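Starting off, we have a lone chain in the form predicted on its own, written out as structure tokens.
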């Protein structure tokens, strides 16, 4: 007799377990169960058939894999949670008996982080389990950085303690120091949500979001307990990553931190980096803002280096003699230093990017400049980006905090002044000549220092994204800035691109429509329209059409007459509704040619649509539906692009009229 299978002992019912059953099996509270699942990376699952999985009469909504819950049974954090639960029971019993001394004793020995600063548990083993290799941790660093930068800008509340905020801020600043020293930052973008940054670390592209430095308002509909659980895990992860990154470039971790400078708003300037000298068995040498301090070389090491250099020079002299003999013997063509060019084999082939000599290192884009930041500019992101791209001298007003190269706005060494105010005026003498002496400048409020480049903050971001210094005239104070486009989105062929001129993107039909609208507006302004009572006569009716012998021409003429009649009738109805007189429109030769081109384009579009409908009839039902979905998506994108082009055309016309 075969074995009888009981319900719920095999199949999907055995593979899944409800959240209530999981909590009972682990003997945890629901908040601790949520914490454990978030840290271990275990999330709810959606079974195919909930009726087969559910073992009770009531419908369960949250299911987990049974194997995942069985895996949690061996987690060391379970014992920590249970010990905490036992301690809380002891304290509650002591308070219930009225024994306050015992409750206070239990409270003192609870090792709470709020009281003693010592953690009850660590997540180091969880980090090692979830990320076996360092590249795995780098791939998961996007959400980590976005969350920690968010909490670093939050105000302290009961749900978000001040210690957590300070820890997040310190970890983020340490990570920024690594990006500055290693020049790993690649791109940045200013958006409504905040500032996006992209860095390349050991071949992995990392993108994260940093909110603006505004006063954040804490709302009640956000569960900060769940977010705090993620932050606790991400703080441990970023600590591991920072240690590995600092060690990879020979820096000591954690860097020295000056609490007094941090309280005065130094932020990045509150840290002093130290490099580990591998040749001297762990001795350290100080590093200031990525620049090593000068130290004397070891005499033993220097003697060995001199011997090696002497041997290399002897070998070079011998090789030069042999090379001269070979050159005299062989009269072959000498290789040139010119770079090869990639040319397409067939006409119309793909044009490959041509190689070129690198004239400028993007990581040292601002190395030769000295910047001064005005009070109204965002100091923190500008300082980070400028230092990450080679700038060592950045000054700002003393009200923005410590750590500046100079607080004197009239410093003659300043080459670029980043300002976000209205137009400033240049200082002039009594004779009216501009002051050129950089050592003796007397500039009043809202006036410009001669010999200094004034730009708006967007200039820094556009230079970084394009990897070249943009023209400062386009970003002068008070000037209309060019569009700030996202460097992470590449324009597809045929898609609207704000960087290209409008004439290179618009279709032929759009160009003709725009020309016709301009012609109509020009005729209305010139007052060339002659009013009649209720008669509409078009210019086409004034000119007699030549009779053709071909039948096709006659059919086209009949279609034109029908269109003119319908247009005449439409104009009459509009005039009656508005109570105005109908105007007699005279069309010149250029406008008439545009109208004929529009008719030809419309006729061609109708023919193509008819051919497409006939071709669709040859497809199967499945392929026809797929093709129609593709058509719908393409038409939707085309309509959006057309709206953007029309909006841009309107703005350009308004700008031209004002000019």
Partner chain sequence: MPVLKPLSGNPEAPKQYNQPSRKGKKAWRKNVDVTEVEQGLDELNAQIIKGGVIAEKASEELFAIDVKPDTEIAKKLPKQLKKPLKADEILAQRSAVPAVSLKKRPASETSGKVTDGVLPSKRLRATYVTQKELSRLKRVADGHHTTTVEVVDATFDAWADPEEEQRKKQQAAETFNFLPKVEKPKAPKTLTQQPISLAATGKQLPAVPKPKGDKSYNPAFTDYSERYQEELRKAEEAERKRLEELEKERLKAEAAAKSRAEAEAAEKRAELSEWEDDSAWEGAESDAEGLANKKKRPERKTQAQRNKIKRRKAEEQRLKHEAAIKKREAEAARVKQIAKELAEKERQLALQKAESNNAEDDDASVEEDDDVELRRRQLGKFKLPEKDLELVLPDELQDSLRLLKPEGNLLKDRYRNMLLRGKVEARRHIPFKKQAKTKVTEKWTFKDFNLA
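Here the structure is a predicted model, which is why all the values come from computation and not from measurement. Here the rigid core means the biggest group of C-alpha atoms that line up within 1.5 Å when the two forms are laid on top of each other. Numbering follows the first chain given and starts at 1.
Beyond the structure shown, there is the form predicted together with the partner chain, which is absent from this document and is the topic of what follows.
message = Within 4.5 angstroms, counting heavy atoms, which one of the listed stretches 217-225, 505-513, 389-397, 363-371 is next to the partner chain in the model of the complex?
response = That would be stretch 217-225.
466, 402, 204, 88 - the one with a heavy atom within 4.5 Å of the partner chain in the model of the complex = Selected residue: 88.
task = Would you mind picking the one in 590, 625, 614, 603 that has a heavy atom within 4.5 Å of the partner chain in the model of the complex?
result = Of the candidates 590, 625, 614, 603, 625 is the one lying within 4.5 Å of the partner chain in the model of the complex.
query = Given that the partner is absent here, does residue 256 sit within 4.5 Å of the partner chain in the model of the complex, heavy atoms only?
reply = Although the partner chain is absent here, residue 256 would stay clear of it in the model of the complex, with no heavy atoms inside 4.5 Å.
query = Do residue 61 and the partner chain come within 4.5 Å of each other in the model of the complex, heavy atoms counted?
reply = Contact check for residue 61: yes, within 4.5 Å of the partner chain in the model of the complex.
inquiry  = Although the partner isn't part of this model, could you tell me whether residue 482 comes within 4.5 Å of the partner chain in the model of the complex, counting any heavy atom of the residue?
reply    = Contact check for residue 482: yes, within 4.5 Å of the partner chain in the model of the complex.
Contact label in the model of the complex: residue 417 to the partner chain, heavy atom within 4.5 Å = The answer is no: residue 417 has no heavy atom within 4.5 Å of the partner chain.
ask   = What residues of 28-44, in sequence order, lie within 4.5 Å of the partner chain in the model of the complex by heavy atom?
value = Contacts from 28-44: 32, 34, 35, 38, 39, 41, 42, 43, 44.
query = Would you say residue 632 moves its Cα by 2 Å or more between the shown form and the other one, aligning on the core?
reply = Yes, its C-alpha moves 2 Å or more.
ask   = Would you say residue 25 moves between the shown form and the other one, meaning its CA shifts by 2 Å or more once the core is fitted?
value = No, its C-alpha moves less than 2 Å.
query = Does residue 623 show a Cα shift reaching 2 Å between the shown form and the other one after rigid-core superposition?
reply = Yes, the C-alpha position differs by at least 2 Å between the shown form and the other one.
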